[in-house]
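In the form predicted on its own, a lone chain appears below as C-alpha coordinates.
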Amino acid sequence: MTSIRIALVGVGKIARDQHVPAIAGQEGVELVAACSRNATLEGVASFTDFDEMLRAMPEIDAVSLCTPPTARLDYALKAFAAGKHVILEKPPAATLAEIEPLVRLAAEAKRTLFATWHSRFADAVAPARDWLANARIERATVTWKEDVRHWHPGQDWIWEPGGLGVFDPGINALSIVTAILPRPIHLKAADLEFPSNRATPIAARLSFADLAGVPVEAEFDWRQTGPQTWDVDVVADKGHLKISKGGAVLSIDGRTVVEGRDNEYPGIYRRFAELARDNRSDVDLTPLTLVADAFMLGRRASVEAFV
(Lines give C-alpha, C1' and ligand atoms only; values in the text may rest on other atoms or scores of the structure.)
Protein backbone atom coordinates (compact mmCIF):
# COMPACT_ATOMS: atom_id res chain seq x y z
CA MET A 1 0.00 0.00 0.00
CA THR A 2 1.41 3.40 -0.99
CA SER A 3 2.16 5.70 1.93
CA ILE A 4 0.40 9.05 2.23
CA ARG A 5 3.07 11.70 1.69
CA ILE A 6 2.85 14.46 4.30
CA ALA A 7 4.31 17.96 4.50
CA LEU A 8 4.71 19.40 7.97
CA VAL A 9 3.89 23.12 8.09
CA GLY A 10 5.31 24.89 11.12
CA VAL A 11 8.48 23.40 12.59
CA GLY A 12 8.33 24.29 16.25
CA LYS A 13 8.60 22.38 19.51
CA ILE A 14 5.42 20.32 19.09
CA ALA A 15 6.32 19.40 15.49
CA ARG A 16 9.81 18.23 16.43
CA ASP A 17 8.88 16.52 19.69
CA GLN A 18 5.69 14.79 18.56
CA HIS A 19 4.74 14.97 14.90
CA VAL A 20 8.08 13.99 13.37
CA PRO A 21 8.62 10.82 15.45
CA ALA A 22 4.93 9.89 15.22
CA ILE A 23 4.96 10.00 11.42
CA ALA A 24 8.25 8.11 11.30
CA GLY A 25 6.83 5.31 13.43
CA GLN A 26 3.44 4.96 11.77
CA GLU A 27 2.81 2.73 8.77
CA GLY A 28 0.90 4.28 5.89
CA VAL A 29 2.27 7.81 6.24
CA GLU A 30 5.58 9.34 5.20
CA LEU A 31 7.11 12.75 5.93
CA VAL A 32 8.42 14.20 2.67
CA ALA A 33 8.61 17.97 3.24
CA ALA A 34 8.62 20.75 5.82
CA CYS A 35 7.67 24.40 5.57
CA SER A 36 8.79 27.02 8.07
CA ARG A 37 9.99 30.60 7.89
CA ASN A 38 12.99 29.95 10.12
CA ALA A 39 13.54 26.20 10.61
CA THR A 40 14.29 23.07 8.60
CA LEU A 41 14.05 19.32 9.13
CA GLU A 42 16.94 17.07 8.33
CA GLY A 43 16.25 14.42 5.72
CA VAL A 44 13.28 16.05 3.98
CA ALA A 45 12.86 18.90 1.51
CA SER A 46 12.50 22.16 3.42
CA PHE A 47 10.81 25.36 2.26
CA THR A 48 10.21 28.82 3.64
CA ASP A 49 7.20 29.53 1.41
CA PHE A 50 4.03 27.40 1.37
CA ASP A 51 3.06 28.23 -2.22
CA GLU A 52 6.55 27.38 -3.44
CA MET A 53 6.40 24.02 -1.66
CA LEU A 54 3.10 23.12 -3.34
CA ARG A 55 4.47 24.07 -6.75
CA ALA A 56 7.77 22.26 -6.27
CA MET A 57 6.31 19.06 -4.81
CA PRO A 58 2.96 18.22 -6.41
CA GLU A 59 3.38 14.67 -5.11
CA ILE A 60 2.51 15.83 -1.57
CA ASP A 61 -0.76 14.19 -0.51
CA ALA A 62 -1.44 16.01 2.77
CA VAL A 63 -0.33 18.95 4.88
CA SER A 64 -0.17 18.81 8.65
CA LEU A 65 -0.63 22.33 9.99
CA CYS A 66 1.35 22.90 13.20
CA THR A 67 1.48 26.68 12.97
CA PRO A 68 -0.18 28.93 15.54
CA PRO A 69 -3.97 28.69 14.98
CA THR A 70 -4.33 32.19 13.54
CA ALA A 71 -2.34 31.15 10.45
CA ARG A 72 -4.16 27.94 9.61
CA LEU A 73 -7.12 29.12 7.55
CA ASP A 74 -5.06 30.51 4.69
CA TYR A 75 -2.87 27.42 4.48
CA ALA A 76 -5.88 25.09 4.58
CA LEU A 77 -7.65 26.97 1.80
CA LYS A 78 -4.57 26.75 -0.43
CA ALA A 79 -4.10 23.07 0.40
CA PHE A 80 -7.65 22.14 -0.59
CA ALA A 81 -7.34 24.20 -3.77
CA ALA A 82 -4.26 22.10 -4.58
CA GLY A 83 -6.09 18.84 -3.86
CA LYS A 84 -4.40 18.00 -0.56
CA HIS A 85 -5.72 16.49 2.64
CA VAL A 86 -5.44 18.73 5.74
CA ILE A 87 -4.53 17.84 9.32
CA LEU A 88 -5.07 20.52 11.96
CA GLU A 89 -3.08 20.50 15.20
CA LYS A 90 -5.21 21.52 18.17
CA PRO A 91 -6.88 23.92 18.52
CA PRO A 92 -8.08 23.58 14.92
CA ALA A 93 -8.56 27.31 14.31
CA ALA A 94 -8.51 30.72 15.93
CA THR A 95 -12.31 31.03 15.63
CA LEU A 96 -15.26 28.70 15.21
CA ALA A 97 -16.43 30.50 12.07
CA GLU A 98 -13.23 29.57 10.23
CA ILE A 99 -13.95 25.84 10.33
CA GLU A 100 -17.37 25.58 8.65
CA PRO A 101 -16.15 26.64 5.18
CA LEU A 102 -13.22 24.23 5.47
CA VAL A 103 -15.58 21.35 6.18
CA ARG A 104 -17.56 22.26 3.08
CA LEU A 105 -14.46 22.62 0.93
CA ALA A 106 -13.12 19.25 2.09
CA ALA A 107 -16.37 17.59 1.05
CA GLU A 108 -16.42 19.36 -2.31
CA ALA A 109 -12.80 18.45 -2.99
CA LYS A 110 -13.32 14.87 -1.75
CA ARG A 111 -10.42 15.32 0.65
CA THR A 112 -9.94 14.74 4.36
CA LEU A 113 -10.11 17.46 7.00
CA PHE A 114 -8.97 16.10 10.36
CA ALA A 115 -9.25 18.34 13.43
CA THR A 116 -7.01 16.49 15.86
CA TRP A 117 -7.39 16.28 19.62
CA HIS A 118 -4.26 14.41 20.65
CA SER A 119 -5.28 13.83 24.26
CA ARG A 120 -8.24 11.74 23.12
CA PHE A 121 -5.76 9.17 21.81
CA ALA A 122 -4.15 8.70 25.23
CA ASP A 123 -4.33 5.11 26.46
CA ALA A 124 -6.72 5.75 29.36
CA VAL A 125 -9.40 7.64 27.43
CA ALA A 126 -11.23 4.85 25.58
CA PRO A 127 -11.38 2.54 28.64
CA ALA A 128 -12.65 5.44 30.75
CA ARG A 129 -15.36 6.22 28.20
CA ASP A 130 -16.46 2.58 28.16
CA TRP A 131 -16.54 2.35 31.97
CA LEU A 132 -18.67 5.50 32.25
CA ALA A 133 -21.08 4.60 29.44
CA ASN A 134 -23.56 2.89 31.77
CA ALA A 135 -22.71 4.78 34.98
CA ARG A 136 -24.79 7.30 36.87
CA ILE A 137 -22.38 10.18 37.24
CA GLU A 138 -22.53 12.38 40.34
CA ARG A 139 -19.79 14.91 39.61
CA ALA A 140 -16.53 15.43 37.76
CA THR A 141 -13.48 17.54 38.58
CA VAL A 142 -10.68 18.57 36.24
CA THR A 143 -7.30 19.82 37.50
CA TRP A 144 -4.90 20.84 34.73
CA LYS A 145 -1.88 22.75 36.00
CA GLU A 146 1.51 23.09 34.35
CA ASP A 147 4.51 25.36 33.87
CA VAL A 148 4.14 27.56 30.78
CA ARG A 149 7.86 28.38 30.79
CA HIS A 150 8.68 24.71 30.34
CA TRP A 151 6.13 23.86 27.66
CA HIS A 152 6.15 27.13 25.68
CA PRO A 153 9.61 28.66 26.09
CA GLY A 154 9.83 32.00 24.29
CA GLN A 155 6.54 31.52 22.44
CA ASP A 156 4.84 34.91 22.56
CA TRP A 157 2.02 33.90 20.18
CA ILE A 158 0.25 32.02 22.99
CA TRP A 159 -0.27 35.34 24.78
CA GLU A 160 -1.77 37.09 21.75
CA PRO A 161 -5.44 37.01 20.67
CA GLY A 162 -6.10 33.60 19.14
CA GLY A 163 -3.30 32.01 21.16
CA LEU A 164 -5.73 30.87 23.91
CA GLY A 165 -3.34 31.30 26.84
CA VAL A 166 -3.94 28.66 29.51
CA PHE A 167 -6.68 27.18 27.34
CA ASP A 168 -3.96 25.88 25.01
CA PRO A 169 -3.36 23.04 27.48
CA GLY A 170 -6.81 23.35 29.06
CA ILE A 171 -8.49 22.43 25.80
CA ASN A 172 -6.71 19.07 26.04
CA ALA A 173 -8.55 18.43 29.30
CA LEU A 174 -11.84 19.46 27.71
CA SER A 175 -11.21 17.13 24.79
CA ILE A 176 -10.87 14.24 27.26
CA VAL A 177 -13.91 15.21 29.34
CA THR A 178 -16.16 15.57 26.30
CA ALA A 179 -14.94 12.22 24.99
CA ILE A 180 -15.56 10.20 28.16
CA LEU A 181 -18.76 11.68 29.61
CA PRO A 182 -21.92 10.08 28.20
CA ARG A 183 -23.84 13.37 28.00
CA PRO A 184 -22.75 16.76 26.58
CA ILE A 185 -21.86 19.57 28.96
CA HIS A 186 -22.34 23.33 28.76
CA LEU A 187 -20.63 26.21 30.53
CA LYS A 188 -22.42 27.95 33.40
CA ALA A 189 -19.73 30.31 34.71
CA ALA A 190 -16.03 31.08 34.40
CA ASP A 191 -13.40 33.19 36.14
CA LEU A 192 -10.39 34.08 33.99
CA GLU A 193 -7.11 35.58 35.24
CA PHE A 194 -5.22 37.71 32.72
CA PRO A 195 -1.67 38.93 33.38
CA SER A 196 -1.73 42.72 33.25
CA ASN A 197 0.60 42.71 30.24
CA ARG A 198 -0.97 39.86 28.25
CA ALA A 199 -4.06 39.38 26.07
CA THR A 200 -4.87 35.79 27.06
CA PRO A 201 -5.45 34.19 30.49
CA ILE A 202 -2.87 32.46 32.64
CA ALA A 203 -5.47 30.71 34.81
CA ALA A 204 -9.15 29.81 34.68
CA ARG A 205 -11.84 28.29 36.88
CA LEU A 206 -14.86 26.93 35.07
CA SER A 207 -18.21 25.47 36.08
CA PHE A 208 -20.01 23.18 33.64
CA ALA A 209 -23.08 20.97 33.87
CA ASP A 210 -24.89 18.47 31.71
CA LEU A 211 -28.60 18.75 31.00
CA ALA A 212 -29.37 16.64 34.06
CA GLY A 213 -27.50 19.15 36.23
CA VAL A 214 -24.47 16.97 36.96
CA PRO A 215 -21.64 19.42 37.85
CA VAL A 216 -18.25 19.44 36.19
CA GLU A 217 -15.69 21.78 37.75
CA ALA A 218 -12.38 22.61 36.08
CA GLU A 219 -9.30 24.52 37.16
CA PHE A 220 -6.52 25.43 34.72
CA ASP A 221 -3.30 27.15 35.75
CA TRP A 222 -0.08 27.88 33.90
CA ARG A 223 1.95 28.87 36.96
CA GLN A 224 2.63 25.46 38.51
CA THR A 225 6.28 24.50 38.82
CA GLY A 226 7.69 21.13 39.82
CA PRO A 227 5.49 18.08 39.13
CA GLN A 228 2.72 18.83 36.65
CA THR A 229 -0.93 17.99 37.28
CA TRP A 230 -3.19 16.69 34.50
CA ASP A 231 -6.08 14.91 36.25
CA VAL A 232 -9.75 14.17 35.59
CA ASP A 233 -11.79 12.72 38.49
CA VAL A 234 -15.29 11.33 38.02
CA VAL A 235 -17.47 10.13 40.90
CA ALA A 236 -20.23 7.76 39.82
CA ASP A 237 -22.51 5.12 41.31
CA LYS A 238 -19.98 2.49 40.15
CA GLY A 239 -17.06 4.09 41.94
CA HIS A 240 -14.35 6.72 41.55
CA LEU A 241 -12.62 6.96 38.18
CA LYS A 242 -9.40 8.93 37.85
CA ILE A 243 -7.45 9.79 34.72
CA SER A 244 -3.98 11.13 35.45
CA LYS A 245 -0.77 12.06 33.66
CA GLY A 246 -2.75 13.71 30.89
CA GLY A 247 -4.59 10.54 29.91
CA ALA A 248 -1.88 7.92 30.26
CA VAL A 249 -3.04 6.39 33.55
CA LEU A 250 -6.51 5.19 34.55
CA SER A 251 -7.43 4.11 38.07
CA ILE A 252 -10.71 2.88 39.48
CA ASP A 253 -11.25 3.24 43.23
CA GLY A 254 -7.52 3.79 43.67
CA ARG A 255 -6.44 0.72 41.70
CA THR A 256 -4.47 1.33 38.50
CA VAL A 257 -6.11 -0.48 35.57
CA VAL A 258 -4.30 1.24 32.68
CA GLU A 259 -0.74 2.49 32.76
CA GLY A 260 -0.07 3.59 29.23
CA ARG A 261 2.69 5.09 27.18
CA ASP A 262 2.87 8.23 25.04
CA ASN A 263 0.71 6.98 22.16
CA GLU A 264 -1.23 10.14 21.41
CA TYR A 265 0.41 11.38 18.23
CA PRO A 266 0.89 7.93 16.69
CA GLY A 267 -2.84 7.54 17.27
CA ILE A 268 -3.51 10.77 15.39
CA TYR A 269 -1.64 9.63 12.30
CA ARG A 270 -3.12 6.14 12.45
CA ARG A 271 -6.59 7.72 12.47
CA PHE A 272 -5.64 10.14 9.70
CA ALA A 273 -4.45 7.30 7.46
CA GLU A 274 -7.82 5.57 7.92
CA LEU A 275 -9.73 8.75 7.07
CA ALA A 276 -7.62 9.69 4.05
CA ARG A 277 -7.95 6.26 2.44
CA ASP A 278 -11.68 6.92 2.13
CA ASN A 279 -11.57 10.75 1.80
CA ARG A 280 -13.55 11.11 5.03
CA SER A 281 -13.31 13.97 7.53
CA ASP A 282 -13.35 14.08 11.31
CA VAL A 283 -14.08 17.52 12.76
CA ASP A 284 -15.38 17.78 16.33
CA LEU A 285 -15.54 21.37 17.53
CA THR A 286 -16.93 20.68 21.01
CA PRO A 287 -13.74 21.48 22.99
CA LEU A 288 -13.16 24.70 21.03
CA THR A 289 -16.80 25.70 21.51
CA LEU A 290 -16.47 25.35 25.28
CA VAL A 291 -13.36 27.52 25.25
CA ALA A 292 -15.10 30.14 23.13
CA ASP A 293 -17.99 30.09 25.63
CA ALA A 294 -15.50 30.68 28.46
CA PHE A 295 -14.28 33.85 26.76
CA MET A 296 -17.92 34.92 26.26
CA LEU A 297 -19.16 34.22 29.80
CA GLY A 298 -15.97 34.54 31.81
CA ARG A 299 -15.42 37.23 34.41
CA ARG A 300 -12.03 38.81 33.81
CA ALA A 301 -9.56 39.61 36.59
CA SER A 302 -6.18 41.27 36.12
CA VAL A 303 -3.23 39.61 37.90
CA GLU A 304 0.50 40.33 38.06
CA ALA A 305 2.39 40.74 34.81
CA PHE A 306 3.98 37.70 33.20
CA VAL A 307 7.61 38.22 32.29
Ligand code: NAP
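Just so it is clear, the structure is predicted and the values come from calculations on it, not from any experiment. In this text, residue numbers run from 1 along the sequence as written.
Not on display, but discussed next: the form predicted together with this ligand.
Looking at 82-90, 126-134, 224-232, 198-206, the stretch with residues near this ligand in the model of the complex, meaning non-hydrogen atoms within 4.5 angstroms, turns out to be 82-90.
Checking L77, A71, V103, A109 against this ligand in the model of the complex, a heavy atom within 4.5 Å turns up for just one residue: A71.
The closest heavy atom approach of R277 to this ligand in the model of the complex falls outside 4.5 Å. Interface membership of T256, defined by any non-hydrogen atom within 4.5 Å of this ligand in the model of the complex, is ruled out. Taking non-hydrogen atoms only, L41 never approaches this ligand to within 4.5 angstroms in the model of the complex. Under a 4.5 angstroms non-hydrogen atom cutoff, this ligand in the model of the complex lacks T141 among its neighbouring residues.
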